[in-house]
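Single chain ahead, written as structure tokens, the form predicted on its own.
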Amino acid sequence: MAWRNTSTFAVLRETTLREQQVDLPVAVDRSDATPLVVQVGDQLRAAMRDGALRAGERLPSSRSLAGLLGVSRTVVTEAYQQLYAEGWLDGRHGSGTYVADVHGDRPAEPAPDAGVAPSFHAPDPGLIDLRPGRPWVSAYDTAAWRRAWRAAGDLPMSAWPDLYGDPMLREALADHLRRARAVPAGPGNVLITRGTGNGLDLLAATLLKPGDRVGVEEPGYRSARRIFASRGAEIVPCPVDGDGLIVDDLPAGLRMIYTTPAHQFPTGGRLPIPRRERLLAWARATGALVVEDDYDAEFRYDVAPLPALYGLGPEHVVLLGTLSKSLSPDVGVGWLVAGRPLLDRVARTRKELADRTSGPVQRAVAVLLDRGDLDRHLRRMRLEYARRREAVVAALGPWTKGDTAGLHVLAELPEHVVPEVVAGARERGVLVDTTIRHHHGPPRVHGLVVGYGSAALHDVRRGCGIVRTLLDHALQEP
């Protein structure tokens, strides 16, 4: 673009996180036919691509840049939004807009044909990890986390930790679950755990005897199978389809059944209301306990929320939840929601096992909830994950299933192409999971389980572009 005398030129100086000053040249030319939004976006994109703007450096606010350029704030906002969608920018709550870390590369462009693409072996830190079960842990408001820890530090230590968990956290979680998941539970129905695995183990230790039959979705969460088996249970695979657990014709003699109705793992099914009602009717008729794992139900896209199973039948359901997906596995806080008689039994088991959740961590999480910081984080991450999910669906659309919620999708494929695609992706620096290891018996569902929680948006695009190219090549082979 040629600059004329009517151009406006602004050099803005902004303080970065490293307390450095950034000279940001931005110009608009009103006599040029190119829209102003495109002009601003193109110049910022070029500056980031060429290294004039570096990862972590802060951009001016949209209001500030608009004022200096003499354009409407909408022009700058739309330019920022486009760059944000492309993965060039990161937003940080309360502190502005920053240049994203793209590892020196442009955001992903369509991958070259697999037949001619040069293979490479990236070092482990450079791998694009598209495996499921890993959240994005770099976007949390660290100032809020520090405030929560300071507030927790002001509270006295307890010589006798509450077996049910910190009362302040139980009250805050009960309110959160009522608002977010339509769970009609009070603090007296909540027991704080270290996460889903800890909750499952406490339930198994409390209720199961060696040889008891436990139904687990097939394919399903492998760790749940292992935890139940470690307590002597007989694992009974229960098939799923595109909507989740197949409720009709459940095996006889089950003591309990483990299910992920909000977003079946790993197929992504969303158990519809009629099936939920039939599952609860089955539980009432058989006396079996339904164990509901609500592991990533906070993240929904383009669909209205369905109430948790617990809210439909609290006398027959135990609800498990965790912060490992919504915040970080490092936090080590989850919850078990049940009727009070069962909760009392679980608390007695906890005492016998000398099991507890860190008191200071519980208090810090309670502060996050009480001040609304966790809710704000979840709202931001829904938008962030929605952009990554859109990138996955755009690349793998013909094969994707289960993309209405959570942090992963299923790309269902012919069995014979899966090993080739996984190996080819690994050779090109992309890690993907398959459905095989999530089965207890012979695999019924074949494909890739593609997670988009832990990889940056530009890496999701690049990684999925590589996978798509490999898929196209593998499916064209005779």
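No experiment lies behind these values; they were computed from the predicted model shown. Residues carry their position along the shown sequence, with the first being 1.
Below, we turn to the form predicted together with a small molecule, even though it does not appear here.
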- May I ask you to choose, among 298, 166, 293, 218, the residue with a heavy atom within 4.5 Å of the small molecule in the model of the complex? 293
- Note on the structure: Partner-free chain; cross-checking the small molecule in the model of the complex, the single residue of 400, 189, 362, 324 with a heavy atom within 4.5 Å is 324
- the small molecule contact at residue 385 in the model of the complex, heavy atom, 4.5 Å: no
- Contact of residue 88 with the small molecule in the model of the complex (heavy atom, 4.5 Å): no
- is_contact(residue 357, the small molecule) in the model of the complex, heavy atom dist at most 4.5 Å: no
- Message: With a cut-off of 4.5 Å between heavy atoms, is residue 310 one of the residues that contacts the small molecule in the model of the complex?
- Response: no
- Query: Which single stretch, out of 154 to 162, 167 to 175, 196 to 204, 247 to 255, brings residue heavy atoms within 4.5 Å of the small molecule in the model of the complex?
  - Reply: 196 to 204
